[in-house]
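Only one chain is included here, represented as structure tokens and corresponding to the form predicted on its own.
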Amino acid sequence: MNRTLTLTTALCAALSVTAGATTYPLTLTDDLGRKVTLKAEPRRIVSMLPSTSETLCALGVCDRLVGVDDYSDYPAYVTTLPKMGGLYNPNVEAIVARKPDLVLVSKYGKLEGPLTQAGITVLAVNPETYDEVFSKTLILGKIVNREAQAKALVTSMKREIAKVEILTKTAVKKPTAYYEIDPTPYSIGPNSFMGTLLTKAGARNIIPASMGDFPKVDPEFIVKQNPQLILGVDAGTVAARPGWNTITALKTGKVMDIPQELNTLLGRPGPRLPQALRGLAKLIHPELFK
């Protein structure tokens, strides 16, 4: 009986995988608006985004990576792979030398031009909004013939995120917040994946959606908005800025730099998004995690 049940389960699983298998050639429209055709299932992949490297590994195809960008460092396996440069200083010759059948890039940096000229298939997959983190995970799953794994990953991520939201919805006060990602200063709009995390973590973003997802902000605007919480920069830096010593967050000791590990997590629209949200929520509402 048990043997029959086991065989039936295995057969159903095999049929399920077959039914959900990607068929090639596969044509996709990438984030640069280009139609790109994959002739066969990619086996030698160069990833030029840390979040993409993480997602591919989470889908179980880490072993297909033959090169990664300089900032890919998770999981530990990718630190052993050849480095191909960064977004604005990619090593095109090194990438070509790895003989990839697919290079996954950001829509920024203009790397697709020289690589396409070299006869290499290039696809821009660049999640920026919260929903895109999940939709692009599914796209990557389709690209590497791991659609079932991608769906399972998305389901798991959303379940873990919901657990944090249950806690933060009980917060008595949700502070107005300014989140700095660059001292220029650049911040995060509410519709970016980081902005959505900020809201889900129990804060109210002072940056309006009309400013964009990752806007450069007039310092006077921040002073005028007078946030109750400032994240991503230390109190000393804030106090030294003209006019910022009047901001409530500084007066009440609610200026918090973000620990490096959490800062890295928060900047990556990938499979560790739930951990990023939990870490941010703990900073904003430590009382909920005792």
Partner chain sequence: MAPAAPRPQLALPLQVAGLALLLLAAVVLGTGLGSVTVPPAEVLGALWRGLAGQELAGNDVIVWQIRLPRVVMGLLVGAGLGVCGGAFQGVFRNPLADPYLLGVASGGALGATAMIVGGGPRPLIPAAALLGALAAVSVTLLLAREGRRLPPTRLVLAGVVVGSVLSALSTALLLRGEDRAREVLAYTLGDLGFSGWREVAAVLPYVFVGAGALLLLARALDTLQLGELTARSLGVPVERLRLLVIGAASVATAGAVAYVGIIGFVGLLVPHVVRLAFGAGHRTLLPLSALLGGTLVVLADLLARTTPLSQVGIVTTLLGGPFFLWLLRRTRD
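Positions refer to the first chain, counted from 1. C-alpha atoms forming the largest set that superposes within 1.5 Å between two forms make up the rigid core. Owing to the predicted nature of the structure, the values given are computational and were not obtained by experimental measurement.
Beyond what is shown, the protein has a form predicted in complex with the partner chain; the following relates to that form.
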The partner chain in the predicted bound form: contacting segment from 196-204, 177-185, 110-118, 131-139, heavy atom within 4.5 Å: 177-185
Lys173, heavy atom within 4.5 angstroms of the partner chain in the predicted bound form: no
In the predicted bound form, Lys224 touching the partner chain (heavy atom, 4.5 Å): yes
Close approach of Tyr71 to the partner chain in the predicted bound form, 4.5 Å, heavy atom: yes
Touches the partner chain in the predicted bound form: Ala240 (any heavy atom, 4.5 Å): yes
Interface residue in the predicted bound form among Pro75, Pro219, Gly212, Pro82, criterion: non-hydrogen atom within 4.5 angstroms of the partner chain: Pro219
Yes/no, Ser72 Cα shift of 2 Å or more between this form and the one not shown with rigid core fixed: no
Flag for Arg34, CA shift 2 Å or larger between this form and the one not shown after aligning core: no
